[in-house]
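There is one chain below, alone, in structure tokens, taken in the form predicted on its own.
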Amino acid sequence: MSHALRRLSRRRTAAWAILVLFVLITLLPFYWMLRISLSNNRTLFANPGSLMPTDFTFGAFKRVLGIATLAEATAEGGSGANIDFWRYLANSVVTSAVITVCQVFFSAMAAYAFARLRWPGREKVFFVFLTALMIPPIFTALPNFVTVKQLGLLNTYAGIVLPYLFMTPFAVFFLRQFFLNISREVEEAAIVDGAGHAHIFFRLIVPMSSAPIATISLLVYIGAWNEYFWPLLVGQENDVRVLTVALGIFRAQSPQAGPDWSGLMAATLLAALPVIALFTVFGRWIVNSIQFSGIK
């Protein structure tokens, strides 16, 4: 018995050691971003192997937030390029929120139709619908761009959100898996009481599915927040430019001989903070909802 307990203890210790190693590997890029952003860009490469910031300073964050003067920026090795952080942050929040609300709403209605309504060819249509998951997004970028241009929606919020505004195969599949697990007795009782499909959907299905709906909303929001290629194509003006595109432009504005790495890492870290916070708060909720909905 004692031998078996010792073997179990060794296995548990090894499992924890591997888990800690993976956690450290995952966190290392974020720590390195923080280390560079807290370093003086002029002395950044003086000791590149150091785990601590070189010539510790908050100057990079001041440059990103627009509270550093040009003299202070150049003194710390800044390129003189600037980024209207708060405007681009607001643009990202607005576009991500609109995409999330609309996409989750339409995906939930489609999932309800595929899971709860009986109509001829439902499973075949659903299979064809899921095949869209195999189409790379880059294949639809050109026709979407032509459509948005012909509609006169370039450099507008509408042009940025339009391709993502309606349902997506993954969101429909995710919600459908959960809707299938809801007891039909509840729905049949509502039908006996004279409830229609709209009443059942909004008063029964949606409240009973608050956890998976919140989870897919979070996943959609994070995906919209991280989107880069499409906003780069259709949102070039400052008024609608999102944060991910602004970071790339900030990097391009830096001279090739001496990029402002500290400022770029500071801006990237600030842009990643909302997503990190969301995952930290709702990470367990996401895992539990995925397991419950039957996605392996």
Partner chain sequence: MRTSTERQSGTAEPRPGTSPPQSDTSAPRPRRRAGDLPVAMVFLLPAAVGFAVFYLWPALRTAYLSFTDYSLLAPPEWAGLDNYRRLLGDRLFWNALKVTVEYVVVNIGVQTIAALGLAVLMHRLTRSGLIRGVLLLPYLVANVVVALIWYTMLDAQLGIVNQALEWIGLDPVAFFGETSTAIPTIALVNVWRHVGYTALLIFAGLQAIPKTVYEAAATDGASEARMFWRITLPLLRPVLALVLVLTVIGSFQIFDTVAVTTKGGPINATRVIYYYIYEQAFQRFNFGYAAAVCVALFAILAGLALLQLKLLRAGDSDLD
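Throughout, rigid core stands for the largest set of C-alpha atoms superposing within 1.5 Å between the two forms. Residue numbers count along the first chain shown, from 1. Predicted, not measured: the structure shown is a model, and the values here were computed from it.
Beyond what is shown, the protein has a form predicted in complex with its partner chain; the following relates to that form.
- Using a 4.5 angstroms threshold between heavy atoms, V281 stays clear of its partner chain in the predicted bound form.
- A residue is said to contact a partner when one of its heavy atoms sits within 4.5 Å of a partner heavy atom; F129 meets this definition for its partner chain in the predicted bound form.
- Its partner chain is not drawn, but in the predicted bound form it has no heavy atom within 4.5 Å of L65.
- Contact check for T244: a heavy atom falls within 4.5 Å of its partner chain in the predicted bound form.
- The partner is not drawn, yet in the predicted bound form one stretch among 209 to 217, 67 to 75, 89 to 97, 162 to 170 has residues with heavy atoms inside 4.5 Å of its partner chain: 162 to 170.
- Contact check at 4.5 Å (heavy atoms) against its partner chain in the predicted bound form: all three of L27, M109 and L264 pass.
- Within 4.5 angstroms of its partner chain in the predicted bound form, the stretch 11 to 50 places a non-hydrogen atom from each of R11, R12, A15, W16, I18, L19, F22, V23, I25, T26, L27, P29, F30, W32, M33, I36, L44, F45, P48, G49, taken in sequence order.
- Once both forms are fitted on their core, a CA shift of 2 Å or more is seen for V20 between the shown form and the other one.
- Once both forms are fitted on their core, the CA shift for Y228 between the shown form and the other one remains under 2 Å.
- Taking 2 Å as the criterion, L44 counts as shifted between the shown form and the other one: its C-alpha moves by at least this amount when the rigid core is aligned.
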